[in-house]
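Below you will find one chain, with nothing else, as structure tokens; this is the form predicted on its own, and questions on how it binds or moves follow later.
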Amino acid sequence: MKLRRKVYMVAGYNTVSLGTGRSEFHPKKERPGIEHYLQEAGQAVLKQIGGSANVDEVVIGNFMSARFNKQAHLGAFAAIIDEGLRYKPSISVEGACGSGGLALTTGIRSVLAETADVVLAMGVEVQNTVKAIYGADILAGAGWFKNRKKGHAYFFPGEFSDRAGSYFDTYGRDYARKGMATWFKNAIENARLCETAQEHENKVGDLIQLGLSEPNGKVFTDYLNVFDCSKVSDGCSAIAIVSEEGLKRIGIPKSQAVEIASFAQVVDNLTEQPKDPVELTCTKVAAKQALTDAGITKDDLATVETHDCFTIAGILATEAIGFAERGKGAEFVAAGNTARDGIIPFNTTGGLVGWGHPTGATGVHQAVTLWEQLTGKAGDAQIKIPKEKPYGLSVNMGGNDKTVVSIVYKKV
């Protein structure tokens, strides 16, 4: 969507992405609840923007708290973040793994509609509350649930395993696996530079060899190993979406914010299987629309945050966005082009595979990462942002490429 009013994002914050791999995580120890994460991230943003009095509206993205936490009605949690948010508009939005992206677009629309000048946008998920096999059943709700018993025990890994299998058959198994293992390697190396990442403490030496571990359909899926998958994660991300008037209100200069150049929000038919399993068609449409509306091409981008729920999704995204030709994504990644020192760095804090995937938080985490990178606040994970490439792109996907939010960010 082309924007008729200036919209900015500023003051982002990520909690730790908690789950297996973090030293503070233990499956038998009591862990923080959803309210803890909302308070930590929300209060951190409020501190940066001068407090809750400056906030006009709150939007919370979440996928399945009603099942993972037996807690719905998250919009009414705003007041536990800060008493000053009591009696202010607050809603929750849901679009499977794209819920965080929907929180962002909801906030952007409020600013465009001039019903808000400062929106607190958040994404949250706490899903380490059930065993993995039961979690797979809950997460199957991101797809057409009537197909649940026709599919794999681990439903969504199975869906993307099928995509990987089709890619193997079409372009070559060993060729594809090399690209996927390289994607895994990049994810872990980037996560090691980000203190909040789930894989921050990963010390494995030969990441390529680990990534090439042979898939075993008897215990998991036929074409993906566990290292091809994002992990079960708990966490929250938050950021402020503001107008020019909002920036003045919170007292933050434009140089500390990123401008939203455009966004696209598209859906496909949830009840249908992918017409082309080796293409992320909905992602392709969303990314093209966002880039076109921003008046730029992929070559103007300094970095991309894409929804790599599985390594094969990362490979397919390079093709959908247009960096690699159809079938050339695995080669593009294996050649180092998406590494942090490559032609187009992807997922500089680890993405879903490395940073983690608290489902409803992911889209907001992408926004926070791009805000950090474009304003020079990414710390050890910082990459060089060339003057001639002041843009970043996020792609947040819900389900098997069924709901996609793509946003273009510009360094001010």
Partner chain sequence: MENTERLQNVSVLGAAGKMGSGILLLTALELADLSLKPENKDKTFILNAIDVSDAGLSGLMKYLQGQFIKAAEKKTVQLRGMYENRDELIENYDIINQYVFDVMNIIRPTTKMEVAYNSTLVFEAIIENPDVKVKLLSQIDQNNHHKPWYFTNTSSIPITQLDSAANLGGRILGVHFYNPPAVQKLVEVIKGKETREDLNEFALGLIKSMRKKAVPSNDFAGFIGNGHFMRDALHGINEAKKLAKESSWVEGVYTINKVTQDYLVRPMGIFQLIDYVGVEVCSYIMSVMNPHVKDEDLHSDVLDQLIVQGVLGGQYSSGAQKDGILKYEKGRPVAVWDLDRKDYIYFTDFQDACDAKLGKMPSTFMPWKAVNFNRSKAAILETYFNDLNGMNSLGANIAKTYNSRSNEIGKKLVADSVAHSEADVNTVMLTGFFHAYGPINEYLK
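As the structure is a computational prediction, the values presented were derived from the model and not from experiment. Positions refer to the first chain, counted from 1.
There is another form of the same protein, the form predicted in complex with its partner chain; it is not shown, and what comes next is about it.
- The stretch in contact with its partner chain in the predicted complex, judged by heavy atoms within 4.5 Å, is 128 to 136, chosen from 128 to 136, 293 to 301, 77 to 85, 177 to 185.
- Taking a 4.5 Å heavy atom cutoff to its partner chain in the predicted complex, the contact residue among Y154, F263, F310, Y167 is Y154.
- For the residues H73, K203, K275, K218, the 4.5 Å heavy atom test against its partner chain in the predicted complex is passed only by K218.
- Using a 4.5 Å cutoff between non-hydrogen atoms, R173 does not count as a contact of its partner chain in the predicted complex.
- Heavy atoms of T115 never reach within 4.5 Å of its partner chain in the predicted complex, leaving it off the interface.
- Although the partner is absent here, R148 lies within 4.5 Å of its partner chain in the predicted complex, judged by heavy atoms.
- When contacts are judged by a 4.5 Å heavy atom cut-off, Q209 counts as touching its partner chain in the predicted complex.
- Shown here without its partner chain, the chain has only R67 in 67 to 82 lying with a heavy atom within 4.5 Å of that partner in the predicted complex.
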